[in-house]
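Only one chain comes next, encoded as structure tokens, the form predicted alone.
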């Protein structure tokens, strides 16, 4: 599949969080092309403040096992950047709707704590993806720089969508940054923002049948003429 043959609107519409992948690896030449194109992302003064740490194959499996073991053993989490805030109002409603859609697709009741815990652990298995990458920026950078990094990540995932590759951005995979830094031999000043698991979607996985909705623009856009 060629990105040139996929309209931007189609790539945007078909991109979603994939939570179940086949074991088929994405060819390295396609990954390299995607990463090269993603460098066209905008950033303040063109400083390009992002860095990508990627693992595939056996390296991906090794990191997967290490992170899952940290989670199931109760290793304390110490994210480099602030964890998710407590959402309220409409944002809390959207968060709950997303949870209902996901857990509903998997047949997990709200009262099923072991089932929910097992579903959370799937994050650290990268949903069986053959590839995972981590988006980083320097730990002393401000939120305004994180905006640049976010635009890069969106560009990257839209390119994956254009190539027919599924992805899932995961804040949870950054909750053990020291493990990730040690694995990639990164310095302490390299802050782990989040991970992105990617590969080809396994359409038989129940979680991939979850469907979420987007707010109407009247809720999020204010126009003054």
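Residue numbers count along the first chain shown, from 1. Everything quoted here is computed from the prediction, not taken from an experiment.
Although it is not shown, the form predicted together with a small molecule is what the next lines describe.
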| query | finding |
| --- | --- |
| Heavy atom distance at most 4.5 Å to the small molecule in the model of the complex, all of 131, 165 and 203 | no |
| In the model of the complex, segment of 24-32, 54-62, 37-45, 166-174 with a heavy atom within 4.5 Å of the small molecule | 166-174 |
| Contact test in the model of the complex: residue 155 vs the small molecule, heavy atoms, 4.5 Å | no |
| The small molecule contact at residue 127 in the model of the complex, heavy atom, 4.5 Å | yes |
| In the model of the complex, residue 10 touching the small molecule (heavy atom, 4.5 Å) | no |
| Contact flag, residue 151 vs the small molecule in the model of the complex, heavy atom cut 4.5 Å | no |
| Contacting member of 117, 91, 77, 98, with respect to the small molecule in the model of the complex [4.5 Å, heavy atom] | 98 |
